[in-house]
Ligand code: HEC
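Next up: a single chain in C-alpha cells, the form predicted on its own.
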C-alpha cells in the first residue's frame, strides 16, 4: 500500500471515528455551561475573563490574534486547554490562564463556548489565485496531501467534537499554527495527522491556505466587523 493510499485511509478513518464519537462525547449540560459562562464572562480567582480576548460570544479578536471559540467541539476545546496548562502547546498568554483553572473549570469553559452559535461561512468569490481553494478542497494526492475539507468539513466548518473550525480564522493565526506543527511546537492532535500534513506544505501553500480560510469569514474575521 502506497503512502498516499495509506494516508487517505487514515483520513477517512479519522472522519468516521469523529462522527461516531460526536454523539457519545458531546456534553453540553445546562449546569456545566452555566459554570462556564461565569468563568468566560467574569473570570475566576486570578484568571481573567476569557471574553477579554475571545469575546463574550466567542467571536474572537483578529486584532490581537485571538481565535474564535464559538461552536468549537467541546472535546477539542478541553484538549487545547489541557495542552496549554501542561505546556505542551506553547503560548505565553494562554499557559498561565489554563494552568490557573482546575480540570473541572476548563471543562465548564469548554462547554460554554461549545454551546454558542456560530455563523455559517460565506462563499469566497473566485480570485486570480485559486491555489488555496484547490489545496483546501482537493488536496495534492500526488504528494500524499489530503484535502483540508476531508477532515475539517465543507468550507472548513469543523466537525465537532474533535475537529476544529477553520473558516474565519485569521491568516496570521492559521499560519502560526501550521508553522508550529512543522516545528514540533504543537501537539499532533487527532490521530497525529497534522504534523504529517503540515510537513508537506511549502511556504506558498501555507500562505494561500491561510488566506483562503480567512476569506471564508466567520466570527473572528474582519468581514464580521470585529
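This structure is a prediction, so every number in the text was calculated from the model and none was measured. Numbering follows the first chain given and starts at 1.
The form predicted in complex with the ligand is left out here; the points below concern that form.
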{"item": "Distance check, residue 189 to the ligand in the predicted complex, heavy atom within 4.5 Å", "value": "yes"}
{"item": "Exercise: residue 50 in contact with the ligand in the predicted complex, heavy atom 4.5 Å", "value": "yes"}
{"item": "4.5 Å heavy atom contact, residue 216 and the ligand in the predicted complex", "value": "no"}
{"item": "In the predicted complex, residue 69 touching the ligand (heavy atom, 4.5 Å)", "value": "yes"}
{"item": "Output flag, 39, 97 and 178 jointly within 4.5 Å of the ligand in the predicted complex, heavy atom basis", "value": "yes"}
{"item": "Within 74 to 109, the residues that have a heavy atom no more than 4.5 Å from the ligand in the predicted complex", "value": "76, 77, 80, 81, 84, 89, 91, 93, 94, 97, 101, 109"}
